[in-house]
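In structure tokens, one chain follows: the form predicted alone.
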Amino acid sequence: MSDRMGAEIDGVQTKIWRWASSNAIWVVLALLFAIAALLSDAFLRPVYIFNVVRQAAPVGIAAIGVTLVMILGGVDLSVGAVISLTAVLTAVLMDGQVANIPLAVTVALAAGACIGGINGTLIAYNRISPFILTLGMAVVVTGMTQIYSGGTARGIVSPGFREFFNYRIGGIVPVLALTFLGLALLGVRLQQTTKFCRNLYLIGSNPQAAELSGLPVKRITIFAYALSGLMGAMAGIALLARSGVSSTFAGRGLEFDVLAAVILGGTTFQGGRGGIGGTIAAVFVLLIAFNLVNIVGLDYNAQLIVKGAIIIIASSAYIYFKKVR
């Protein structure tokens, strides 16, 4: 009887451990939010909470695309450069005219998808390291942005563009925040229901077996990177809508914010695991952590230390849990 009871207790403990290890980022988010609310009552105000969601939109949107690429077993370091390019491109093509908004947005989205598609094609057919290739693409795109803009902020944001995305529904929820949450929910839904996303996990877990089983690995790789580029372009448009300034370095360094969120959310460089839900939770964990750093009076350099430490701790934790299981 006691042996049976001990076995049942062990079974319950195992289930709790598995649940905690697979949902750790949500537990961390809840605990961090509770700490933030204790330190500042601003975190209890809906207006402030949705302002945090609005701030998270550019990084969060880009992280959705990078999550898909990393599930595949790749990485996209060009996303920061794509954000800068598409923010500048959108502002220049708008030229302060409302009638130009559809064309500007369409061209920016197409540019992002095209850059991602090129990344995917070169990786799929030439077996180039995704890390090296996308890093090189980031340099190329940064150079293109500098040449196109002349090295200075260019373009005039059309009237009503920023006002629309920053308008608060009910005086609380910014349209930009709602757009980000909508894209996140759509991404989670597609991840759970589409054959494409299931194939990403299969390829990420074992690329050779996936190819031998007849999966169109090259086509899926190209499409995944094109999606990452498309989401990067959306992030650039979101950043322009949030700030209203088309700086040539608007997205500089954001690729590290994106990577930190994706890794912290449980998606690893090895591929085959993780998901968009965890990534979105991690985006909020990072943003709340940085807000707390500001609340306690530490500067931007301290935020960089926190960001790097989070990436190291998250990677180490993944290896530990993998060994334990």
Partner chain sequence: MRKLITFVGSTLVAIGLLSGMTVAADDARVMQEKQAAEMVDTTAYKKDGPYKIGVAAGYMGNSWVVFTLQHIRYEASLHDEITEVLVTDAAFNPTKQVADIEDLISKGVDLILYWPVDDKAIEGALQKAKEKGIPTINTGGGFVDSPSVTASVFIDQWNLGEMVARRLFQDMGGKGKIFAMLPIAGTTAAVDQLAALKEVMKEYPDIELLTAEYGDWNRAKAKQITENLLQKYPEIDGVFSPAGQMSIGVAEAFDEAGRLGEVVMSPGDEYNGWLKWVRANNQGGAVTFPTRVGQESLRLGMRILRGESVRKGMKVPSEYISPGAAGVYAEMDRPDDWWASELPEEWKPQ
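Not measured: the values here are computed from a predicted model. Positions refer to the first chain, counted from 1.
Form predicted together with the partner chain: not shown, discussed below.
Asks: Is it the case in the predicted bound form that 153, 290 and 297 each bring at least one heavy atom within 4.5 Å of the partner chain?
Replies: Spot residues vs the partner chain: full contact, yes.
Asks: Which one, 123-131, 178-186, 221-229, 160-168, holds residues whose non-hydrogen atoms are within 4.5 Å of the partner chain in the predicted bound form?
Replies: Looking at the partner contacts, the answer comes out as 160-168.
Asks: So the partner chain isn't shown here. In the predicted bound form, which residue out of 98, 140, 245, 103 has a non-hydrogen atom within 4.5 Å of it?
Replies: Selected residue: 245.
Asks: Please check if residue 146 has a heavy atom lying within 4.5 Å of any heavy atom of the partner chain in the predicted bound form.
Replies: Taking the distances in the predicted bound form, the answer for residue 146 is yes, it comes within 4.5 Å of the partner chain.
Asks: Look up in the predicted bound form whether residue 268 has a non-hydrogen atom within 4.5 angstroms of the partner chain, and give yes or no.
Replies: No.
Asks: Answer yes if any heavy atom of residue 239 is within 4.5 Å of a heavy atom of the partner chain in the predicted bound form; otherwise answer no.
Replies: So residue 239 counts as contacting the partner chain.
Asks: Taking heavy atoms only, is residue 32 within 4.5 angstroms of the partner chain in the predicted bound form?
Replies: Result no; residue 32 lies far from the partner chain in the predicted bound form.
Asks: Check each residue of 39-72 against the partner chain in the predicted bound form and list those with a heavy atom within 4.5 Å, in sequence order.
Replies: Contacts from 39-72: 42, 45, 48, 51, 54, 55.
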